[in-house]
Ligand SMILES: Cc1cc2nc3c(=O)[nH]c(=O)nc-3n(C[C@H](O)[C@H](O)[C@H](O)COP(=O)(O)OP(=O)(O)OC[C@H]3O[C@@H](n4cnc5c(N)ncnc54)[C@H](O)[C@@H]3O)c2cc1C
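Heads up, the chain below is alone and in the form predicted on its own; it's given as structure tokens.
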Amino acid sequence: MSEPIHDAVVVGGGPVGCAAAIAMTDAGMNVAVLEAHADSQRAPDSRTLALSWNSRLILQRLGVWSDDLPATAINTIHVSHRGHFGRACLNASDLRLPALGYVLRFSDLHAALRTEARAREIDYRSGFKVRAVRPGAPYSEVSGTSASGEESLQSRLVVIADGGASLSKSPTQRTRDHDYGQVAVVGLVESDRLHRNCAYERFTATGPIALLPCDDEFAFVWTCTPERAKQLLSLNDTAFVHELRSAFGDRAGRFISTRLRSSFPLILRVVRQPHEAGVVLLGNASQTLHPIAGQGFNLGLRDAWDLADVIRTAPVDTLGSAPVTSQFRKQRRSDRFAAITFTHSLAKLFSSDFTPLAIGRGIGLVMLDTLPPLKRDLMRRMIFGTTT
């Protein structure tokens, strides 16, 4: 069954896909969102997201951010290397900002974005499993299945924001993968000390450990080997807290309890943006980063905002044309390259406990902490990205 033509179809109804749909609707586009999971099948999602101050500004412009959103501010980031000298403190006051960023649950942000998308009367279709994307001119086609059976939509522009699930559906997409040989163990941990809106990035012999203030707890991301991750997940809560305390130390207080533990493998995946007209990639469908420094989701949100910025000045009948999609690729190139290079370099730099390298890292942290211009430049790039 074929349906009327849309200006844009977004494949993927997650946070980045919803943000892109809202931004394009604000730019005057007629947008449909195709989400593979039906509302009745949506399982509770305990993941947390670290949003930069710039991401808050984007969400504010989209009408999503409000005081009702249960977000915890990050005012300070404390960076240190356990067992070695050198530390750095990044403060919001250094940039005269109210906060460096925020931590909130994936499910809370996703719900707010979906509510806003439906309030804008965006054609949001849950339970639509995309089977194929066929780029074309002047219209591309997205086909798949829903509760109604086989369906096909035509669109001037197809925006793929499904985290990479559709890579197999488009043979023209080429990827470059790097397996870090690491796993992130994530969850929530309670400390006997108030977090005071301070986040921690602590490099240890077994891998980096990030603690993010989340309500009255910390959300943690512990990078380790697959074997170590399997062992950690097999422990009971008491034993796991002991291991985390031994690895991290008492810098954030004494850990008391933990909950909602899970894990996921760490890879770098860079997907070449399609060169044919009619299709663009956003977020994890375009690049999947190491979680160190928390750049992945923020980069995806900037993808969505810049796409809307590009199409806002384009005539509707040119949305899927090569000049428009080429302009988007050009506008995102430097920011994308900088974020990929930054996170990959940090992951490699802090993955070894080789003594000379550890000394060099300590010197680097001291320099960062004692050279305010260098610190401010790094903070701006982490918060706002790199502009062309």
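Small disclaimer: the values here were computed from a predicted structure and weren't measured. Counting begins at 1, following the sequence as shown.
Another form exists, predicted together with this ligand; not displayed. Remarks below refer to it.
Three-residue candidate spot V9, G278 and W305; no residue lies within 4.5 angstroms of this ligand in the predicted bound form by any non-hydrogen atom. The stretch from 77-85, 195-203, 147-155, 293-301 that comes within 4.5 Å of this ligand in the predicted bound form, counting heavy atoms only, is 293-301. A heavy atom within 4.5 Å of this ligand in the predicted bound form is found for exactly one of A247, A165, A314, I256: A165. This chain is drawn without this ligand; in the predicted bound form, the residue among A32, L49, I340, V64 with a heavy atom within 4.5 Å of it is L49. Residue contact check for A184: one or more of its heavy atoms lie within 4.5 Å of this ligand in the predicted bound form. For F106, a non-hydrogen atom is located within 4.5 Å of this ligand in the predicted bound form, even though that partner is not displayed. Contact between H37 and this ligand in the predicted bound form is found at the 4.5 Å heavy atom cutoff.
Taking non-hydrogen atoms only, R272 never approaches this ligand to within 4.5 angstroms in the predicted bound form. Using a 4.5 Å cut-off on any heavy atom, the residues of 107-134 that reach this ligand in the predicted bound form are, in sequence order, F128, K129, V130.
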